[in-house]
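This document opens with one chain alone, in structure tokens, the form predicted on its own.
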């Protein structure tokens, strides 16, 4: 397993380098001027000398390769630059907002895993029945629904119409402190939407996997020994069906990152995912570049964790 981790780390380095090169290539080809975006309406009245001075301060008047070399050197030294939209160091913005994203996405992953295993197993247990048809149909319908549409729908139902839960934010507008119970109430809708939006294929995969396992000889033997159906289902069929599920979970990490961006934006959740939207709209390249790298690291880490979990679950798997 250590060799697997070292191999993935060696593989991650060139991937991250290629991502940074791609970011600078796209930034240089972008038709949007970050200086004009920064000035806003003042761009029409600001003198060309001031615009040129801002461009020089941001090193935008230098060749693209020189900008890239300077940015990469600063990144290696721990200098992430200054956010042009927040007017603060990028490191401060990320460290302030990253814990809230980790809290929301971590809770969503736990809910997604538990819900997918439970619902998928129930559908397999009642294969062909009314419950199975309802679960399968709902999973396909949920997969076809955009994440932002689902988020707006639950806001309309549970916040606007029923008034049960807050529509967004981290705490109530009148609150002057961050109360854990208040944060938990505000987390319910975004965490649930993020978990549900990413669980459809997991539910369907668990269903098919458990159905296939229930036909295996060892399950038939377990039933012949007089074991209860619940024991056969949970301790034999579900346990054997979990191995491919771990690999599929790792493949869902990129979609989880994308879903987090949309969900945090709709619910005004103060995480780094929604911050990437603000950075993109403001053409805030220093902040957007770091957030893109964080997203890439999250995808690589998610796949590595899935492979390690697969290796722990089945030591016979060759990690090479």
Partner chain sequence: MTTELAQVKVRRKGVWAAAITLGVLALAVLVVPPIVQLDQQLVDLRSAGLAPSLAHPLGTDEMGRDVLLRSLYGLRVSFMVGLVAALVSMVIGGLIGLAAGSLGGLPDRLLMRVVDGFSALPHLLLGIFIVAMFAPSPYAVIVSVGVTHWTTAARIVRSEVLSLRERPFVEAAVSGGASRARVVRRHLLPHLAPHLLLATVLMVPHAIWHETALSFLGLGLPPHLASLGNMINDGQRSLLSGDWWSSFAPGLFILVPTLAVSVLTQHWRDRLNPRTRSELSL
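Residue numbers count along the first chain shown, from 1. Please read these numbers as outputs of a predicted model, since none were measured by experiment. Rigid core here is just the name for the largest C-alpha set that superposes within 1.5 Å across the two forms.
Although it is not shown, the form predicted together with the partner chain is what the next lines describe.
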| query | finding |
| --- | --- |
| Triple contact flag 30, 208 and 265 to the partner chain in the model of the complex, non-hydrogen atom at 4.5 angstroms | yes |
| Partner proximity in the model of the complex: residue 77 to the partner chain, non-hydrogen atom cutoff 4.5 Å | no |
| The partner chain contact in the model of the complex: residue 9, any heavy atom under 4.5 Å | no |
| Touches the partner chain in the model of the complex: residue 292 (any heavy atom, 4.5 Å) | yes |
| Residue 26 within 4.5 Å of the partner chain in the model of the complex, heavy atoms | yes |
| Region of this chain that lies against the partner chain in the model of the complex, out of 183-191, 124-132, 90-98, 109-117 [heavy atom, 4.5 Å] | 124-132 |
| Heavy atom within 4.5 Å of the partner chain in the model of the complex - the one residue of 196, 170, 214, 155 that qualifies | 155 |
| Residues within stretch 280-299 having a non-hydrogen atom within 4.5 Å of the partner chain in the model of the complex | 280, 281, 283, 285, 288, 289, 291, 292, 295, 296, 299 |
| Is_shifted residue 30 between the shown form and the other one (CA, 2 Å cut-off, rigid core) | yes |
